[in-house]
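Only one chain comes next, encoded as structure tokens, the form predicted on its own.
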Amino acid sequence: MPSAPLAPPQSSCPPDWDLFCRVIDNLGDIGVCWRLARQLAAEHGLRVRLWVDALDSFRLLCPTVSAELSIQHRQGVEIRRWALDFPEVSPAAAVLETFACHLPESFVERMAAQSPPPVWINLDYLSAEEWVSDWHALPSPHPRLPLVKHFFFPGFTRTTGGLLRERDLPTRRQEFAGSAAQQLALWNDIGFAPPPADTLLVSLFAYDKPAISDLLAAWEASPAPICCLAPLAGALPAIEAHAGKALRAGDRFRRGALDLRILPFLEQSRYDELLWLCELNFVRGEDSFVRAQWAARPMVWQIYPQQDEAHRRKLDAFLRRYCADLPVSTASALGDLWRAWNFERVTTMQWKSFAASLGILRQHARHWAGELARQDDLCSRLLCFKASQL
């Protein structure tokens, strides 16, 4: 019987950064953390230790991760299982608590015992709301320990924490757009042939909701062919209900003008390529929402629902910012579809109005991505802030 794989020995030297992440069902948190951890290691040569509580879920984004190992190294990052019985380790010089995941108390005690204590940052959720600039980087002293936690807010202006963006991302996107070989390799990986050239190619990554059936029905009645690529995700039950049959990766459903194809769950680099390939992307949550903006393609965002209807305010805040330079009629068509997609049911007329605006929205998406790229990225701003606290 083969022996179990051995974990690499623990280094006696603490890393430069500790990142803590609790995986939620929709994988948005770990999606952000995994991108950030790799960027810190690859672009800045830093030693990064990523603590994750659900390695089996993490494997969806990084298939080489072992759910059995407590310590492993992948793509330049040390990955640690975040277990209830937390090990005695020396904290890094910078500790990133992501999305209020609450650090283990024993680890916080060791942070307080270090001299100087680590720079402690809580990376919060992305928002376009005006208050984010006022609250960004504010300190929060610990009630009993000599520690200060700073709240770091990603955002869309120079007075916030910025957006995740790897240094070579625009170059990779441009190379993919100009390479038939790279595009064909993606089609081969997802197990389908490209549709005819006159087809509108759409990606659909969404939470389960009744409006999915409305949208599919509108696409079926489209005067032009539409090919929808839907990675395996929470939307599958609604898609199956509309199709009237069970579906799995590799299956295809055709009705009217719609050619719907079910893709396997894609790891992050392949998902980026899917966004670059498609002419319109339906995205959800935070990670795919940001990546769709860097794809410089028209998009429709499904925001993660929150208590007290806070997500409505967040959606409206982004729409105000995103639509500021659009013609009134285009902004109205976009806003109507986005709000219906999130809060109501989608009508065929809303889809037609949006589809008629795709030409303008393509130009706008390229301009929007270009303007955002003029700002420093989230990783760079984190490093600058950390340096300012030393």
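Start at 1 and count along the sequence shown; that's the residue number. Note that the coordinates shown come from a computational prediction; the quantities given were computed from them, not determined experimentally.
Just so it is clear, the following notes concern the form predicted in complex with a small molecule, a form of the same protein that is not shown.
Contact with the small molecule, judged by heavy atoms within 4.5 Å in the predicted complex, is confined among 84-92, 163-171, 287-295, 237-245 to 287-295. Contact with the small molecule in the predicted complex, judged by any heavy atom within 4.5 Å, is made by just one of V300, L266, L277, L315: L266. Note on the partner interface in the predicted complex: the residue among F176, Y125, F192, F156 having a heavy atom within 4.5 angstroms of the small molecule is Y125. Contact check at 4.5 Å (heavy atoms) against the small molecule in the predicted complex: all three of G31, R35 and Y207 pass. Though the partner is left out of this view, L27 does reach within 4.5 Å of the small molecule in the predicted complex, counting heavy atoms only.
A residue is said to contact a partner when one of its heavy atoms sits within 4.5 Å of a partner heavy atom; P117 fails this definition for the small molecule in the predicted complex, lying far away. The small molecule is not shown here, and in the predicted complex it never comes within 4.5 Å of any heavy atom of A331. Using a 4.5 angstroms limit between non-hydrogen atoms, W187 is distant from the small molecule in the predicted complex.
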